[in-house]
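The structure tokens that follow cover one protein chain in two forms, given apart as structure 1 and structure 2.
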Structure 1
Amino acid sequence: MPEKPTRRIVLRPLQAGLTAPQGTALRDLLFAQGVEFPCGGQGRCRGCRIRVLDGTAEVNAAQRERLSAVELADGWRLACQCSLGDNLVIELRQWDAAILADDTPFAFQPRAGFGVAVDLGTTTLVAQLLDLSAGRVLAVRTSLNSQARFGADVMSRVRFAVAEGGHNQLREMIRLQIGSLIEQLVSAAQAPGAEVQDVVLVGNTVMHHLFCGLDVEPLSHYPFESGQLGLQTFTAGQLGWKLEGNPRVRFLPCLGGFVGSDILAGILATNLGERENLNALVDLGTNGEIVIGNRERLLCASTAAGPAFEGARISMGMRASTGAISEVKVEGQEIHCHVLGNVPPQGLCGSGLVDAVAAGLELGRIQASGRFSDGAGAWALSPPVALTQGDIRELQLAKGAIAAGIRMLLERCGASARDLERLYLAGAFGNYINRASAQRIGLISLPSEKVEAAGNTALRGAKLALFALDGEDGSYARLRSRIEHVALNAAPGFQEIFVEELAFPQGTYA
């Protein structure tokens, strides 16, 4: 088979250039560049708008429904609905939009200079440079967390820091990497002499401790609690960053042993603490963080979901990158697999795993117990990629932990799932997971219309913190006083509920 011709895409305002095979979905290319797809790439919103400045991009029914005739004529497109058919120069709407949404509880107070928001994840880093006088994102940089060479998950990092004396190495490594990203942001914005006034970082508790130089030993063993969860403040110079004006650097406070400042930022981004009715925020990852509550009371918890949602411990699991099966759809009695990057399949990422099991349940190939109906040990999805019995078990453990955590917090609120007004799914996985599939496997027991993919709420909350009201130093003491951390591992009845949630529900797609 002849190779597909290569096409080039130039991104503005970054002026970054990418190449990929003709036919590659734009969302596969742009997600890695920090572009968010609020509806998970389903064409149900306008959040991934781009403007084609040079070249052509197709228009389909979803775009005609969401974009006006004038917008289409002006070159506006939905990135999630387009593929790379021609060389393109595009303008990324997200990086040209006002940062604060209309429903934010924070007043916008213009400031001179620039600010930087950083989402320090276990796997990836995302940083954005903002013009504080106008509240506009000027540049975005993403990178894999360089600490990953010492372990893909947080507990591997903790073991390296504690048992092997690697704490200082991990601290200096991540500080150097983030400092370099900030330098790249200033350079990309073509404002090398501009002063960065403020830097806000958010991340899980382990990332918070490693960056700030705090002892992670208490997080290495039961009860996995630390006494150093608060706001940490530095100057750029203290971190070894050579930035004009020596700006302050704040790492927002954490909420519990494994409930970090990324979840505090998520509460800010979704306005959870100001809502009258009961709402929930769920961040799906190796540690699934859950927040349920309203303006009177918020409960938060972390549950060891395991790495299945990120493709780890899956026989052919991989990150959501080129070659990963990210979607599995039922068509009649057959399945159709979507592969990221428009290349032959190489593995299965988290969203594809959830889809595959949901499809297997729908087609009767997988029983409620999780066993294959025909007694086979594997199911070929798109050769050479197959779903194994062990893969299903890993997903059961992950979804069982999340579902049990949601039930426990709801019970403490004296409520049930039907009392939730909305459930926000945060993070990259939450953005791409098919809500019907999540419901089918029992991960979420709400109707699809009550579930909203909220995108990178951690980064959005960090940006809001750059524009906090006068008198707010980043500790968010008043908000945190209304948040109760629930240690699920010590909660009576949690194990029983967890076992109940391991089975898949009977039924069909909602």
Structure 2
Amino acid sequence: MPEKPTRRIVLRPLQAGLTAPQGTALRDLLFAQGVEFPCGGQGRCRGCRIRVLDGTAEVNAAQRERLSAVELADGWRLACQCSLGDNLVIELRQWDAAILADDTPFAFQPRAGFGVAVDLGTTTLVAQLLDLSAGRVLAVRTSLNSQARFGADVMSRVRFAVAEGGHNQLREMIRLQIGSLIEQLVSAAQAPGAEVQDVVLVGNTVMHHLFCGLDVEPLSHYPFESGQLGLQTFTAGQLGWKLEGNPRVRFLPCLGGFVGSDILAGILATNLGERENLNALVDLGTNGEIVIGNRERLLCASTAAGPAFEGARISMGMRASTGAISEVKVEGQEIHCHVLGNVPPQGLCGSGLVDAVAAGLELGRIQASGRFSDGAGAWALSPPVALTQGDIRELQLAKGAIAAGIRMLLERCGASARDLERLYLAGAFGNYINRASAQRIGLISLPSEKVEAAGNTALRGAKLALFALDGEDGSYARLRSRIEHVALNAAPGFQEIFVEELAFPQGTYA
């Protein structure tokens, strides 16, 4: 059989060149390069768009639906819908993921041996090897979650597992990937005979179920409840991991259909359940998770914020990478934009979006309703990057969902924002977002000094679990029994509060 001719593809701005047989799907080629396919390569979003600078790539109906005639004429394509028919030079619209590890000091009870803590995120993976006798991090490895080629968000993964029979494939690929991260950690630590005693994983409920091989079908529809939220314990051998001494591997328990062990770990890391005063933990993502409580009571919930904070569905949205406007500051009546990487601006990332809208409110360009005061459709921030009326609407949906979730939980506690001692923002976005801007747009109705970027609390909580006291098997039965999961979607009054929270606060905060 004659071999298929090969074709060459050059990826800009990286200038990486690859060759592959003619007809290879770009989805496969680009995924191997770390490009994400938010809708799972279904042609339903614009997340994987590429611009063909040289060569030709086919246009099909799905692309005509998602891309305008002008975009198509400019060479924009959806990578998931194209194959390598021709030699190509393309430009990628995506970023290199900024992955947040954790090096915060923490209190621990020394124990012998080594342990591994893993934060299994929908997008990114972080694994740390620890010397348990000294509580010291010996090595860290990060990676993009290899399941991402089947969808960027949890619901796309669930759909792939359930509707396309991809369950086993997703399970095997994530086990393989994490096993290989751990092997790399052990060899990187250069500690001969370093025997891993214990591995602790945390992640959202879908990641938990997929890794542990549990049925995700109950998580695909209302009421989004699974009967299998508990602690899952394996040996390394059962997962196909060849580790010295065949250590125990535990995936910490989840709290609800959309509130996973990453949030349980966050509660451990911030000690939310042991404090006298009321504190809050908020993880801003496509699914925003919120915990509010003290030593008396703990409430948790998830709220569908959508992808605006990640720069998705924003007309010139992009991730926090080179070329992104990441900050917008008001100076007199002017604005000043900070662009990552000292290059001309190409787009707007989540933190820049929040800043831009806060600046617009401050300057009176944007009204409390979210409308541009001058009735224009867009505001040129730093040409060619502009903020459109539609972008503001997307941000309103995201901030409305989070703000309404926080308000509902506070009301359930019989408290208000004033009663909070502190609000911890977990995750990468919580580190980048300007707290004053978050307050200005009404995402968080708390003065900046009470808001704290808490970093990767999921990973920190997983590390604490490695040092759990004797007798604690990681099921956290006592803590979990105190946590009340509130299903916001079904809660009476939530829709009304959400609609109220879509507006921006009036007035200025000097």
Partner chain sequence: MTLFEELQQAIIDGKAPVAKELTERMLKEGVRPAEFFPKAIIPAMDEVGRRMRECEFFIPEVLIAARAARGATDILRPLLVGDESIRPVGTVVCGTVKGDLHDIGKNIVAMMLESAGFRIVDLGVDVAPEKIIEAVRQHQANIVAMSALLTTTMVNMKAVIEALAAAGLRDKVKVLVGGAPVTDTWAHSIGADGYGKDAPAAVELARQLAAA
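Residue positions are counted from 1 along structure 1's sequence. What you see is a predicted model; the values in this text were computed from it and never measured. Here the rigid core means the biggest group of C-alpha atoms that line up within 1.5 Å when the two forms are laid on top of each other.
Between the two renderings of this chain, the form predicted together with its partner chain is found in structure 2; structure 1 comes from elsewhere.
In a rigid-core overlay of the protein, G55 has its C-alpha displaced by at least 2 Å between the two structures. Put the two forms on the same core and the Cα of R365 is off by 2 Å or more between the two structures. Once the rigid core is used as the reference frame, the Cα position of I483 differs between the two structures by less than 2 Å.
Here the two forms are laid over each other by their core, and the C-alpha of A79 is off by 36.0 Å between the two structures. The rigid core superposition between the two structures gives a CA shift for V339 of 3.1 Å.
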